[in-house]
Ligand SMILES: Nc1ncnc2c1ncn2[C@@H]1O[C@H](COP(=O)(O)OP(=O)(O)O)[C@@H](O)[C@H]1O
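Single chain ahead, written as structure tokens, the form predicted on its own.
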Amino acid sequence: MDVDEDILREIDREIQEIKSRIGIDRKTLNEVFDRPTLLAFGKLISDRIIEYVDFPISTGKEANVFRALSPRGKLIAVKVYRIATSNFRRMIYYIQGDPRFSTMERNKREIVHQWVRKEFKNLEILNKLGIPAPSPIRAWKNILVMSYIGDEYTPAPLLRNVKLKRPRKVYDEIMGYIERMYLDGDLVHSDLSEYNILYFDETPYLIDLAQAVVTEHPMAMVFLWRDIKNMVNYFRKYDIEGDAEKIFDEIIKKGGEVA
């Protein structure tokens, strides 16, 4: 047996060991954890970032989020982007214009890897600003590891699935997040809605930050307006009549004063 066959046999053995650390059904395992993803997951295990993958929290077109355990027994979240189903043109659109990613590979797998690193960096910004969001732990290949939002029984629900007791307070908090991201973080979420805000312990948490753009992005102002408009529209269900245009103008004005 030559060396190449020995290496392949060792990799196959390693992959089987990795699969034993993933407690999800075989269908999900086969759809999400392809060979390169399993090997990336193995790296996170060997680096003592992940101990065991528990169960799926959410399933999207491009990524699955799983609850997992760290070696210290702490609950964490693991987001796995699927190479085969990712929208690469959309990813490139949001990455272009970001000086943090000035060189762009056209290889599909590398685009996803940059997308994961971008989400990690954006979460770092929110954490530094004190804006509630998952804390990034590690970005590796197509996998993002971050803090888990929820209790030991269930993950935090999406804002759209919650009946708010104090909607005005939550509305004001979210608008404050938008303003602070723009003014203090030079960042715009770009896809803010009730579908990517978690609600836990009476606090809204922003998620899905990969598409967030720096204010230098040519479409940043359009995205900022859209985020504000989406939130104003959503909170009308609670009879809160926000003025999207006024909020947008005030944030832009403050930005000019800060500059």
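Being a predicted model, the structure only gives us computed values, none of them experimental. So that there is no doubt, residue numbering starts at 1 and follows the sequence shown.
Omitted here: the form predicted in complex with the named molecule. The next part is about that form.
- The closest heavy atom approach of residue 77 to the named molecule in the model of the complex falls within 4.5 Å.
- Proximity of residue 60 to the named molecule in the model of the complex: non-hydrogen atoms within 4.5 Å are present.
- Of the heavy atoms in residue 32, none are within 4.5 Å of the named molecule in the model of the complex.
- The named molecule is not drawn, but in the model of the complex it has a heavy atom within 4.5 Å of residue 198.
- A heavy atom within 4.5 Å of the named molecule in the model of the complex is found for one listed residue only; from 174, 146, 181, 143, this is 146.
- Shown without its partner, this chain lists 69, 220, 44, 65 as candidates; in the model of the complex, only 65 has a non-hydrogen atom within 4.5 angstroms of the named molecule.
- The stretch that touches the named molecule in the model of the complex, counting heavy atoms within 4.5 Å, is 150-158, out of 150-158, 163-171, 93-101, 106-114.
- Although the named molecule is not shown here, in the model of the complex the stretch 204-225 places heavy atoms of 207, 208 within 4.5 Å of it, in sequence order.
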